[in-house]
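A lone chain, given as structure tokens: the form predicted alone.
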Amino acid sequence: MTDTIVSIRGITKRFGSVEALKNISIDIQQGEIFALLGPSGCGKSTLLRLISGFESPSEGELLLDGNDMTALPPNKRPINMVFQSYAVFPHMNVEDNVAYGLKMEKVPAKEIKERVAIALEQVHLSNFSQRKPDQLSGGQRQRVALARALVKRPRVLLLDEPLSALDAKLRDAMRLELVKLQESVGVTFIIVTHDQAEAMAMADRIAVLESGTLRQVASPAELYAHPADAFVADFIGNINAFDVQQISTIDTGVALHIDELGVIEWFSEPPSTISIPASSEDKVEATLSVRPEHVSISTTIPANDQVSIEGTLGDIAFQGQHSIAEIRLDNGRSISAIIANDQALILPGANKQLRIWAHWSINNMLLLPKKAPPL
């Protein structure tokens, strides 16, 4: 994937005095699954509507294959959209639903039949062509909507929360189906979702948005291992974060003064987005964080080479292959650890007064700014 198919350049969108998107620039590559991820109200659906042509930007431009499509109406763009509700016509059978767009474009009947057959085969619905939507499952109706979009042979397919209406088990199955479908047809997918697991499982790259700003664009693995700031780290998966109260320079790096953990020596260069205050009076906007899978728990004091914190055992939640243990700290907050089920069975979860230590290696921690400058 080396060719940019969609280029979003300096896009700003205002609704009255509200700035829904603020100077967003992203290049999306030919043939990739690209996810727009963020909490409700972050601007991801607005950006999708701008790409589709249902909204117009207040500033900036949108390019497709290097050609400006900012002023083009939706029906003139080689882009199709699958809505969250699927929007299949209840009075039409599957075949007619898929053929509808081609009939509106007055495509010859023979070509319509051929293209509909190919589209239904792509989504594994060839044997369901004469069924009505009320005779289909939720996953099958979603595939009808996909076939109706694919039959028009778009360069880009937009999917707005495509799996949100499905139950958990079907959602997992449809993730795999969508990835396989995209690989077989080679169309660029741009997906809007607020579900981190969905984006991480499907996308080649993810753009994380927050309050109309672009926080980070990276692969799922890069976002998880190297988040740009505390917001991205917290939004992508679970994380235990500790506020840094002071940073001071030492011979080997910096010393991080953290109320809950004491003084931690950081032997690497701090990120350039974290400034070292000239005075201890200055506020530090940074966190030191660790993912739950790197946290171990024990009922005895851990080795000196481990970062540790003492608390009491809280709830233990069985998750199938592992369990999540809650450690309640003396200041009232909790952190979590992912532990093996055999350890979960040994720990006396009913004894809420049991003193335990959560501990981990400093090498597994992330020093992050609370908020990096937007891209």
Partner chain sequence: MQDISGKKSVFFAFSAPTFIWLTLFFVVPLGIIWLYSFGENVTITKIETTWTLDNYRRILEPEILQLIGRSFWLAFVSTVICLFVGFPMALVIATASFKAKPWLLLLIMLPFWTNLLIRTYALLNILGTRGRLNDVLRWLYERAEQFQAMLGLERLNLLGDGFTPLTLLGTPAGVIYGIVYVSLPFTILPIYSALERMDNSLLEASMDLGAGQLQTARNILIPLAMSGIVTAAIITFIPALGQFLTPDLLGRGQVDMIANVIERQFKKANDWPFGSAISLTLLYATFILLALRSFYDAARSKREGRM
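Here the rigid core means the biggest group of C-alpha atoms that line up within 1.5 Å when the two forms are laid on top of each other. Positions refer to the first chain, counted from 1. No experiment lies behind these values; they were computed from the predicted model shown.
Unshown form predicted together with its partner chain; subsequent notes refer to it.
message = Does its partner chain, in the predicted complex, lie within 4.5 angstroms of each residue among Asn75, Asn80 and Lys152, using heavy atoms as the measure?
response = Yes, the whole trio is in contact, each within 4.5 Å by some heavy atom.
task = Spell out, yes or no, whether the shortest heavy atom distance between Met104 and its partner chain in the predicted complex is within 4.5 Å.
result = Contact check for Met104: yes, within 4.5 Å of its partner chain in the predicted complex.
request  = Answer yes if any heavy atom of Ala225 is within 4.5 Å of a heavy atom of its partner chain in the predicted complex; otherwise answer no.
outcome  = Close contact is absent here: in the predicted complex, Ala225 is far from its partner chain, nothing within 4.5 Å, heavy atoms only.
query = Is Arg49 close to its partner chain in the predicted complex, meaning a heavy atom pair under 4.5 Å apart or at it?
reply = Result yes; Arg49 sits at the interface with its partner chain in the predicted complex.
ask   = Does any heavy atom of Tyr100 come within 4.5 Å of a heavy atom of its partner chain in the predicted complex?
value = Close contact exists here: in the predicted complex, Tyr100 approaches its partner chain to within 4.5 Å, heavy atoms only.
task = Quick one: find which of 300-308, 111-119, 132-140, 231-239 has residues within 4.5 Å of its partner chain in the predicted complex by heavy atom distance.
result = In short, 132-140.
ask   = Which of Met92, Leu170, Leu176, Ile276 has a heavy atom within 4.5 Å of its partner chain in the predicted complex?
value = The option sitting close enough to the partner is Met92.
task = Identify, from the list Val88, Ala218, Val185, Ile247, the residue with a heavy atom within 4.5 Å of its partner chain in the predicted complex.
result = Only one listed residue qualifies here, and that residue is Val88.
task = Select from 238-276 the residues with a non-hydrogen atom within 4.5 Å of its partner chain in the predicted complex and write them out in sequence order.
result = Result: empty, none.
ask   = Using the core for the fit, does the CA position of Thr188 change by 2 Å or more between this form and the one not shown?
value = Thr188: C-alpha displaced by less than 2 Å between this form and the one not shown.
request  = Indicate whether Glu269 shows a C-alpha shift of 2 Å or more between this form and the one not shown, with the rigid core used for the fit.
outcome  = Result for Glu269: no, shift under 2 Å.
key: Threshold 2 Å Cα movement between this form and the one not shown at Val107, rigid core reference   = Comparing forms between this form and the one not shown, the Val107 CA shifts at least 2 Å.
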